[in-house]
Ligand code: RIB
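This document opens with one chain alone, in structure tokens, the form predicted on its own.
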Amino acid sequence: MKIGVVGSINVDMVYSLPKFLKLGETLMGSNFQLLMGGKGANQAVMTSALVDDVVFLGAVGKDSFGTNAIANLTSKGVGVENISLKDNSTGLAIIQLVNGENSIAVIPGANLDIQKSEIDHFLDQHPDLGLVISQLEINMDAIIHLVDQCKARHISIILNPAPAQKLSSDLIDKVDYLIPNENETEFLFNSQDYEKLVTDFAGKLIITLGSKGVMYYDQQKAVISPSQKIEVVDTTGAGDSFVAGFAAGISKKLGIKAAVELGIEIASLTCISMGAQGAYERVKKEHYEKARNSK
């Protein structure tokens, strides 16, 4: 099944600190890295490690960051013909790492310039899309139009509502899968009763709970698949990798439980790697080994 990703492309400026900064504080950092990121790009890259046919719609600036971002996606096997060049700058994320945890500031730049006409062209150009993934790091007009068009064309859509924004009930109704984390869930629904929410949105709402696992609806009840026990290196991109693994599982018709478990596996591999896309090679290698062994 061909999978489309519509979303953000950022360059990640990553550095380590002994603790998170307070207002007006200066600290000496270490281990600065310039990495490729953006929730859309992360999800596309990690999905491409699991699925052969992944195409991307996004936007970058006419700068070296944009050139490098497109080259990175191409090198990971992602179709980039629908990435447009904008007068705005390429998106940027500034990521603080403290003992494996992170805080992130995002400057969206060109990500906010995706047009409805570009979405229409993308969907027309790929009439064989079976599944589309999106997030909330691009402009909301584009997201609403994308969801409407996928619904009209009978294309399944996964929406990862991050960063958290309020969504209309109409938009939530139209998506096939909604995958927030705990904070995003509370922001969206003003509730921490995850079990009730998952039951109310049976088969649609999948809540990632960090080290506690993932809650979803299966076998007529809310259930939790536990996370894997790992030594965390960097949690950046873990949520994106879960979405990628889940999407790959759904595209392969594995069923919701197996798709969730694949998502957890890919997220875990990301957490023991540096950077949001740092586990790509390992995921790709292990995926093909499993595919060969299952034949």
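When you see a residue number, it is the position in the sequence shown, counting from 1. Values in this document were obtained by computation on a predicted structure and should not be read as measured data.
A second form of this protein, the form predicted together with this ligand, is not displayed here; the remarks below concern that form.
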- Among 143, 95, 207, 150, which has any heavy atom within 4.5 Å of this ligand in the model of the complex? 95
- Work out which of 188, 112, 104, 222 lies within 4.5 Å of this ligand in the model of the complex, going by heavy atoms. 104
- Query: Does residue 245 reach this ligand in the model of the complex if we count a contact as any heavy atom within 4.5 Å?
  - Reply: no
- So, in the model of the complex, is residue 237 in contact with this ligand at a 4.5 angstroms heavy atom limit? yes
- Message: My question is simply whether residue 47 lines the interface with this ligand in the model of the complex - judged by any non-hydrogen atom within 4.5 Å.
- Response: no
- Message: Using a 4.5 angstroms cut-off on non-hydrogen atoms, would residue 37 count as touching this ligand in the model of the complex?
- Response: yes
- Interface stretch in the model of the complex with this ligand - options 248-256, 229-237, 26-34, 58-66, non-hydrogen atom within 4.5 Å: 229-237
- Query: Out of 137-164, which residues reach within 4.5 Å of this ligand in the model of the complex, heavy atoms considered?
  - Reply: 137
